[in-house]
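Heads up, the chain below is alone and in the form predicted alone; it's given as C-alpha cells.
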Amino acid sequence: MIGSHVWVEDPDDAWLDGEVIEINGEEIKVKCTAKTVVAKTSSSYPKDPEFPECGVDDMTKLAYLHEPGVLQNLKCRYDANEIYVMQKYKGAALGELSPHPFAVADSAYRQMINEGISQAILVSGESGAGKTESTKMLMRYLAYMGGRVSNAEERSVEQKVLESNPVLEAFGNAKTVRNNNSSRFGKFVEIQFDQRGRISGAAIRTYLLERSRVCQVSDPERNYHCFYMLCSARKEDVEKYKLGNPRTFHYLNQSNCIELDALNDSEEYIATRRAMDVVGISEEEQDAIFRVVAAILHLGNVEFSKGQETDASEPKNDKSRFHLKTAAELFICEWKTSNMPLLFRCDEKSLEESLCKRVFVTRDETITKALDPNAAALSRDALAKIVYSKLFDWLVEKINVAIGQDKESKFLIGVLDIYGFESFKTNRCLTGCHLPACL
C-alpha cells in the first residue's frame, strides 16, 4: 500500500527503512532517508511506525518479528547502553527483569538451594541461533553464584570448562549452511555443587556426534574443522603426516567449500594445540591425535577395484596403495593413558584385509568372505567413522580428567546444549530425528 513504512534490503547497510511511494506489479519504489530504491514486494518487510526509541527488552513484544525488526531493536538497545549485568538478576524472580540466560540460571540455582533438588536447563534452537554462546553465559552466572576459587593462581571450574571449548569445537564443529561454526554433537555440562551451594566440580557428557559427516559432506558445508586445520598446519607437520591441499582428499573435496573467510585454519591449528596444552594433553598425545586425523584422510583416498577372485576387491592402483600404506603407518601408535589405548596397532596387509574381507565367527568355525569394491568402500567409511568417534570420546574423557569431577557432590545443575537443527528438502536422518530421541 502506498504510504506504508517498510524495510528493504541494501548491499551497504543491510536494511533501509522508508515509505512506499509507488507500486508496479511485484515491485515497489521506496523513498528512504538518503535515496530512493526499487525492490521486490516479496523481499520487503513491514516496519512498526510506533516502535519505541529505546527498543523493547523482550523480542516477543515486537510488532513484527523479522530480521530487520530484530536488528533495529538490538541497535537501539546497544546505542542506549542497555546491557545486562549479573548482579541485578541475583534473587530476582523469573520474568521480573528482561529475558536473559542469567535469569534462567538464577532461577535454576535458587530452586536447587531452596528445594534441594538438582536442576536441568535445555538450550535448543536452529543452527546459528546462539545456543553455545547462551550455554557459556549460563555457566558464567552459575560460577558467579557458586563462588570462585580463593587461590588466584588456580583456575576455576568455569575457566576449565571454557578452556576446553576450542578443543571440542575443533573436533566436533563444522560449517553448515547456516552457521560457520556449528556444533555437530550434543553436550550436557554438569556443574556440581556441595551442600552449601558452592561449585565442587564439573563434567562434560557428549552424545550423538554426527559421524556420517566424516565421510559424507554436502555442498556448501565442510567436514570437521580439525581436518582443514591439519592440512594448513606448519610445514613440518604437513610433511610428517604426508598431507597437502585439502582438495586432494576425498573426505574433504565432496564440497566446494574448503576455506572460510572468517576462519584462518592455520591460526586455529596453533590455537587448538595451545588449548590442548592447557587442558593437560601432552605433546606425545597430541601427535597421536593428529596422526589418526591424518590417517582418516588417507584412508578416504583408498579406492577399490575388482580382485582376482569372484566378488573380491583390492586397492585400485598405486595411488590407493600409497594412501593405504600411509594410513597404516600413521595408525601405528601404542600410547596409553589411564589404561585406555588412544590408537591401535596395524600394518598395511592387515589393514587391507580388514577392508576387503569380512570375518564371521560361528560356534564351530570362522568364515572369511571377500567383499566387492562397493562393499569394501563402505567398510572403509565405517572404519573411518568409528575411529573418529572413539578419538572424540577419548578427548572428552581427557578433558573431564582435567576439569575435575566431584563424584560425591550433593546437587548438580545440568545444561543440555542440543546441536542445531535445520530443515531442508532432504534431511539427514540424524539431523531430522535427534530431538525426539533426546526428549
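In this text, rigid core is short for the largest set of C-alphas that superpose within 1.5 Å between two forms. For clarity, every value in this text was computed on a predicted model and none was experimentally measured. Residue positions are given as counts along the sequence shown, with the first one as 1.
Missing here is the form predicted in complex with a small molecule; even so, the following discussion is about that form.
- Proximity to the small molecule in the model of the complex, taken as heavy atoms within 4.5 Å, picks out 173 to 181 from the listed stretches 67 to 75, 274 to 282, 173 to 181, 198 to 206.
- A residue is said to contact a partner when one of its heavy atoms sits within 4.5 Å of a partner heavy atom; Gly128 meets this definition for the small molecule in the model of the complex.
- Although the partner is absent here, Glu259 sits far enough away that none of its heavy atoms falls within 4.5 Å of the small molecule in the model of the complex.
- At the 4.5 Å threshold, heavy atoms of Thr132 reach the small molecule in the model of the complex.
- The small molecule is not drawn, but in the model of the complex it has no heavy atom within 4.5 Å of Val238.
- Distance criterion of 4.5 Å from any heavy atom to the small molecule in the model of the complex singles out Met137 from the list Leu162, Ala92, Met137, Ile113.
- With the core held fixed, Gly186 shows a CA shift below 2 Å between this form and the one not shown.
- After superposition on the rigid core, the Cα atom of Gly307 is displaced by less than 2 Å between this form and the one not shown.
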